[in-house]
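Listed next as structure tokens is one chain, alone, in the form predicted on its own.
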Amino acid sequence: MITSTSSAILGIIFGYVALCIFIGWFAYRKRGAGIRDFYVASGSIGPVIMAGTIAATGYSAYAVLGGPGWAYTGGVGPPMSELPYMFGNVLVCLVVGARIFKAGVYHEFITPADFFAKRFREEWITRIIVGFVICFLGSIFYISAQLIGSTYVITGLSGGELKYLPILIVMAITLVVYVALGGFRAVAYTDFMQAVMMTLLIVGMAIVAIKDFGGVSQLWASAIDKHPAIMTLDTPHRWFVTYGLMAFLGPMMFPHLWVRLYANRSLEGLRSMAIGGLMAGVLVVIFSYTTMGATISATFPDAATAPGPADQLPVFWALGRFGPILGAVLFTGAMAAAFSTADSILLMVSSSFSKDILGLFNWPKTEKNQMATARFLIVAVIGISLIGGLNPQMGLIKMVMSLTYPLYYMLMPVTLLGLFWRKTNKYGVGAGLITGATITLLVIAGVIPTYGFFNGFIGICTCAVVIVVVSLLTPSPSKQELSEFFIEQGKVTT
């Protein structure tokens, strides 16, 4: 028998779910023709919406749950690893992003692999490695992490009365419905709303916590006194150096962020993406990672007797401070943070599998069948991601940093060399991608040790070295090939 409190929580949650689906329906009515409109809105999203969507998509469930939980278990060092990403995002978005945007506009790209296939005149290796290994395999656990995070919110606020598995399934169905309805427009519109909700939650909780403890200094004094582990650094220094380098140079290499470059209406949108991403990062690091990390450390000093896993402790703090009903209202912002990333990745994975894998076999042939396949793939991908969320064994941030980011950052050496060193050729890229991806997968599987480095560091460096060496030993791209890619897209001035 579900109590009236849990019924009220369900009512609040389903109200949010209904709003997401309504936005999906609204986007469905606004959609244009063609598969490119479904996947990247035909490059028509303006700068205001783009600022919101990059802020929301760049910071997922870990912005509210995983970040404070990571500080609780690993000290303040890990959350500080966000800083290179924040500032690198501005540089990479404006410099590298502008070139990707122009190429996307001129050649009407849909997936990240489209960019590499055109630049290097190589279809099979680039589409299989980038489209399947990086975009598809690398994203499954990322989607799982978001489903887990949103489910943690509801089960935590109900005191465990609402069971994990049914709520997990409801979250998955919600994503499928509004993404399949409205495509990228639905994702962009809900992201904007979710960015606002996430911001209000993060800032609001931090302000209340600081007030309850009598100020910032008192909050931290209490946290350090009761839970000294928050000031420790349990991660090797070499991990921070290697991850920081990847995070600074590779923010837009995340495929779900990459496709937003194609969706922009103009270069002004890139500036909005840079500003939106930076502002979101500052809010998350200051108010969520550090302030809420200190708050749960002071409130639940003993992990052994804490009411739940570290990622769920912000929910339990809100439950004790606000009660379940108001807590549910507030924590729709946490679900928004999770949904805003999961929906983007879900759509991107569908497009990659459809265009990069099935497209290699020239199927499906008609526009109608392409749309049907796109929606079927959205359902299939969420089904696979559900499996990863059935029995979570690690924290949200650790899941994405250990299993997803190493593959995502594999795009970095290929992109930077392909854009700024014109001798880079298909032989080097093919060899680099195969070698780097193989090593990275073996590191993720535990076959090759990390030696204390970031999981993807060895594979990414190997990829870069192989690209350079093989490109030097094999024929350079012809002037015609380079002209078709670089000079023609240079005419784009929007």
Partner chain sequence: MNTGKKVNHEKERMRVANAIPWGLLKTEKVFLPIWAAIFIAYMIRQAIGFNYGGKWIMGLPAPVFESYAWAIGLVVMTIIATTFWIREVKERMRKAEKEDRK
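Residue numbers count along the first chain shown, from 1. Worth saying up front: this structure is predicted, and the values here are computed from it rather than measured.
Another form, the form predicted in complex with the partner chain, is not on view; read the next lines as being about it.
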Sort through V379, L200, V133, I224 and report the residue having a heavy atom within 4.5 Å of the partner chain in the model of the complex. I224
Counting non-hydrogen atoms within 4.5 angstroms of the partner chain in the model of the complex, say which of L137, I325, I173, L83 makes the cut. L83
Option from 364-372, 270-278, 153-161, 190-198 whose residues, in the model of the complex, bring a heavy atom within 4.5 Å of the partner chain: 270-278
With a cut-off of 4.5 Å between heavy atoms, is S340 one of the residues that contacts the partner chain in the model of the complex? no
Quick one: does F184 come within 4.5 Å of the partner chain in the model of the complex, counting heavy atoms only? no
So in the model of the complex, is the partner chain close enough to G104 to count as touching (4.5 Å, heavy atoms)? yes
Any of the heavy atoms of I207 lying within 4.5 Å of the partner chain in the model of the complex? no
Honest question, do R36, A98 and G244 all end up within 4.5 Å of the partner chain in the model of the complex by heavy atom distance? yes
Across 414-435, which residues bring a heavy atom to within 4.5 Å of the partner chain in the model of the complex? L419, F420, R422
